[in-house]
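Okay, so here's just one chain, in structure tokens, the form predicted on its own.
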């Protein structure tokens, strides 16, 4: 898996993607529209200045209370390359992986908006080369890396119709 490079875009802690990336709060709006206003309530103008390939760096419990896959779809529409946070809401974390969004649990201290980041999912590191910050993180399991490379669970299963979980874990 390649190294993901992008600029840090900072969000706070306890960010509920159900509130900030959901049509539940913008009835009748589609994913493309929601991507233009995502996170405005916690960081005004966030989506409007977001550049495809940027990396969200957030505080604890990013995606808390989120059970909607739509949040990940909105972030894909925005061009989010990965999300780094000390912890994630469990449902959001799994939805992210199932929908091909790299999510990495890591200490974010010292990382500020605009820092150039390098994320090595296979090697298990997050780096800010200009600041000589390198944080070791557990490498993502090979199965998770395969899902991310394929673009998520459904594209993975479409590419591997004969894949059998029982055989993989035996």
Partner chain sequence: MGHTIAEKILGHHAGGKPAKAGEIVVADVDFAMIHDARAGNALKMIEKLGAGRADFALPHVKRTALVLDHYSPPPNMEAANTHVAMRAFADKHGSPLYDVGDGICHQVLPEGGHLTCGDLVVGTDTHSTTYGAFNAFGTGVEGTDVSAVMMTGKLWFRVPETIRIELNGALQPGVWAKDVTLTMLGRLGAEGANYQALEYCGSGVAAMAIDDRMTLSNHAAELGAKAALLEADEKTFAWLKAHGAAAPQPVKADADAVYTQRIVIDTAKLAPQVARQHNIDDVVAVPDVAGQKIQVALIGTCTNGRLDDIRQAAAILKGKKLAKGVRMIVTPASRAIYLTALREGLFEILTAAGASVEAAGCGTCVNITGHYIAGDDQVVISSANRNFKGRLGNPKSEIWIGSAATVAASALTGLITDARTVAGGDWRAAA
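Residue numbers count along the first chain shown, from 1. No experiment lies behind these values; they were computed from the predicted model shown.
Not on display, but discussed next: the form predicted together with the partner chain.
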property	result
Check all three, 19, 90 and 95, heavy atom within 4.5 Å of the partner chain in the model of the complex	yes
Segment that reaches the partner chain in the model of the complex - one of 44 to 52, 61 to 69, 128 to 136, 110 to 118, heavy atoms within 4.5 Å	61 to 69
The partner chain contact in the model of the complex: residue 123, any heavy atom under 4.5 Å	no
Close approach of residue 105 to the partner chain in the model of the complex, 4.5 Å, heavy atom	yes
The partner chain contact at residue 153 in the model of the complex, heavy atom, 4.5 Å	yes
Residue 99 within 4.5 Å of the partner chain in the model of the complex, heavy atoms	yes
Within 127 to 162, the residues that have a heavy atom no more than 4.5 Å from the partner chain in the model of the complex	141, 143, 144, 147, 153, 154, 157, 158, 161
